[in-house]
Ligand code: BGC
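Here's a solo chain for you in structure tokens, the form predicted on its own.
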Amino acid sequence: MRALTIAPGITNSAAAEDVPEPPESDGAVLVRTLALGVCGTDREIVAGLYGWAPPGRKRLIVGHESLGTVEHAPANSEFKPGDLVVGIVRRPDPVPCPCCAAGEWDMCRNGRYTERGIKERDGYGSEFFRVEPEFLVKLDPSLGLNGVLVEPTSIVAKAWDHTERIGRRSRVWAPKTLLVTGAGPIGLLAAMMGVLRGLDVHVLDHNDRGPKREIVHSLGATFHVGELADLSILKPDILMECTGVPSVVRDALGRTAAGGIVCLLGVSAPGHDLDVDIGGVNRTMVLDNDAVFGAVNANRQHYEDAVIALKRADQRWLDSLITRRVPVEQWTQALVQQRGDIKVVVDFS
């Protein structure tokens, strides 16, 4: 079967190659791949900056934003041939740590987890993959290709879960305004979930090229172009930072209304020194009872929350997020960002 592979740590090692059928040790459910979403993590892996092959192997099958249909499943499982499904990315560590033991492997404390297509486990970027039933999520068939958005939406669902848990520190917390920085897939999905919660949603991006403004407006949100400093009059109750740009992260701190929450969803590269009045930031956040936290990955509940959110969303709006489909043999073209790109998928169908 054809698979998308790389040699971790080696730049430009990406290839589409023939590999053996997936072993039954990967899981009892056999899935035929329909599509695979591409994100910044995949670009880092292909660039040789991240990623680990399975033990004893030199190459890794990449891909963690999966979508497929069940080919075969055990009779005692909840799955049957033809089901539209998505595979969960992370697996708990074998120790396990307290979080992994409780099914919250997204909060692993010792770092011994593995991840499909990223860390020591082959991913979903092959014509077929096998997966354990407990790490497979069934979708409503009406989602169609938009089901490939489940994995990134699960990350946002976790962010909202934790934001709302923090918000409950006040018995009368009733947020009204959300500001999202960054109009990439994560930012737009964060905005979508804010709209579904009835919030006044604002999205800030650094440029006005491509379809982002129209997509934000069609969501019922407000689109802004520029820097956070340009929005000094806006004091959101929740700020979700989805760019990972160090200067934007800096400017996000202390930017909310009193009692506000800042969620950091973008991952920054190290080595950026910036001028910051840390005393002023500390004073504002302490006196206003502000909170800031980071979030990444997702557990099964977040995947299920993501499926519910995507089902509630306007499917035509979701359609607009998938801006390019690339055939398997040309999959490295999906890694090269083009004008107007939002979510690019590798098409296995």
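Please read these numbers as outputs of a predicted model, since none were measured by experiment. Sequential numbering from 1, following the sequence displayed.
Quick note: we don't show the form predicted in complex with the named molecule, though the next part is all about it.
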> Hey, of 308-316, 36-44, 66-74, 284-292, which bit sits against the named molecule in the model of the complex at 4.5 Å between non-hydrogen atoms?
Replying inline: 36-44
> Does the trio Val89, Glu151 and Ile155 actually contact the named molecule in the model of the complex, every residue with a heavy atom within 4.5 Å?
Replying inline: yes
> Contact between Cys99 and the named molecule in the model of the complex at 4.5 Å, heavy atoms?
Replying inline: no
> Do Ile118 and the named molecule come within 4.5 Å of each other in the model of the complex, heavy atoms counted?
Replying inline: yes
> Are any of the heavy atoms in Thr323 no more than 4.5 Å from a heavy atom of the named molecule in the model of the complex?
Replying inline: no
> Do Asn297 and the named molecule come within 4.5 Å of each other in the model of the complex, heavy atoms counted?
Replying inline: yes
